[in-house]
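A lone chain, given as structure tokens: the form predicted on its own.
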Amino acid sequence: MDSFNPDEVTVRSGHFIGGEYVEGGEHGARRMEVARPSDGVVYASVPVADANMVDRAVENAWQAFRTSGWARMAPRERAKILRRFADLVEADALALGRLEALGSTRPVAQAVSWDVPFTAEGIRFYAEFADKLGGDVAATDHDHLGMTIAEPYGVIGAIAPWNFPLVMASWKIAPALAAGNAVVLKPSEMTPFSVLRLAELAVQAGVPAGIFNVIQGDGRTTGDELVRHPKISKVTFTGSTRTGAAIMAACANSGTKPVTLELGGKSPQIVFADAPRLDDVARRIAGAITGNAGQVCVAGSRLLVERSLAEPLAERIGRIFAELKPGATWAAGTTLSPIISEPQAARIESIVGRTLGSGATLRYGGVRADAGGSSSGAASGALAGAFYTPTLLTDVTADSEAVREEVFGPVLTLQTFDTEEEALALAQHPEYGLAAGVHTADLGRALRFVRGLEAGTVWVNRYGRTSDFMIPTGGYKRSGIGKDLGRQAYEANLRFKSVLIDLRQ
């Protein structure tokens, strides 16, 4: 994938409602500046949808749900439209990938080769559910017919994060649309543009205008108005635990609507001395904390290693860290993403600094990275974006801030253990339970940890998901409620009506 000039990419900055762009230029409308993480340049602004604009988007979606025929369409026809939508997304990979790379932390090579195809394939996956999952006929006595009928909720309110804008948006919209719902999506105000193109492509594919609307704005104003709106029947959100709790409270106070929440994580990677191919294990572990510069909810940020293996594994991880090349997301050779914003980079620095101050040892990294300027659209010399070196901290305890708190950056902590019992105790986090990794050649041990770990996903001798969309993702404890992906995500966009017919009449 070649580099591109970010100054040559045009973005549309409004809302997308009823199949059209709405610039949001009403008198007195507040706007927010949008900066490129790679160089800090403000390249656009977006309108902040207030209560009136949110109501306009939701009402438009509600009317489309009632009158467009989307929910009543033969499921196979709805599936055909969604497959056509996926084909258009795939065909638009270069333009979508550049939009994604322009304003997010996703390097263009990864956006084009992974994010866009993953988005398209996810839409195809849920299209196939449309005519394959519905209600059930219940076991009743001979004189009765009992059944459950699956029906769409109506309008789903979706809020997607900034770390994988296209992919996370598709996790929300694909199962909702396949189930016959309308969707009003609010992307992050830091990464607002690629999903607008996604909404355009949906209409081109034949999704009725209004069935997929996009509104711009911040969480405090736009997000809060969206989740509280009386015609939003269900809410789905990916983001921080704190925001998820606020959304859950808002939903409870505005109609007790159901929620799906994928929230924060502090995921352990547990390595036993019998783990096969140590070089492969080291690369796997390093990738789980440096991918997207650690700005991943399932990032494997807590490394727990059997004591005899700690030193050789740490050395290998350090060498891999040194290979990574920070740079602009629009540069073809970038292998270490920028941090999304300067405040987030400062937060990472502060957590590392306080952890070191409490007695931890800095093994690798721990400083801002110097990212060279790109030949395309950036001045020579270092970029002004926020880059942070991959960091390994040792001599930490369960009370160390970098062990306890979700850093959301390329910061890995290392703790050692001597027994399975000690490893399991270290792996359990008092608040989070999103994911975990176990690296061992002992199948029995692996299964004991699969059963014992309080985590919604456990990977064995790997770390990270594949394109097996059937395997759901979601957390335990404060890491969330409900599931994205899998059959569970589709069924979460349906409500079930019980019917009992007396045949004796």
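Please read all numbers here as calculations on a predicted model, not as lab measurements. One-based numbering along the sequence shown.
There is also a form predicted in complex with nicotinamide-adenine-dinucleotide; it is not shown, and the following applies to it.
- This chain is displayed without nicotinamide-adenine-dinucleotide, yet in the predicted bound form the stretch 160 to 168 from 160 to 168, 350 to 358, 104 to 112, 325 to 333 comes within 4.5 Å of it by heavy atoms.
- Across the proposed site, His15, Pro37 and Phe193 without exception lack any heavy atom within 4.5 Å of nicotinamide-adenine-dinucleotide in the predicted bound form.
- Proximity of Asp395 to nicotinamide-adenine-dinucleotide in the predicted bound form falls outside the 4.5 Å heavy atom cutoff.
- Contact check for Glu306: no non-hydrogen atom falls within 4.5 Å of nicotinamide-adenine-dinucleotide in the predicted bound form.
- In the predicted bound form, nicotinamide-adenine-dinucleotide stays beyond 4.5 Å of every heavy atom belonging to Gly154.
- Contact check for Ser301: every heavy atom lies farther than 4.5 Å from nicotinamide-adenine-dinucleotide in the predicted bound form.
- In terms of contact with nicotinamide-adenine-dinucleotide in the predicted bound form, the residue from Glu200, Glu406, Glu420, Asp92 that brings a heavy atom within 4.5 Å is Glu406.
- Just one of Pro75, Gly291, Gly219, Pro208 comes within 4.5 Å of nicotinamide-adenine-dinucleotide in the predicted bound form, counting any heavy atom, and that one is Gly219.
- Residues of 184 to 202 lying near nicotinamide-adenine-dinucleotide in the predicted bound form, listed in sequence order, are Lys186, Pro187, Ser188, Glu189, the criterion being any heavy atom within 4.5 Å.
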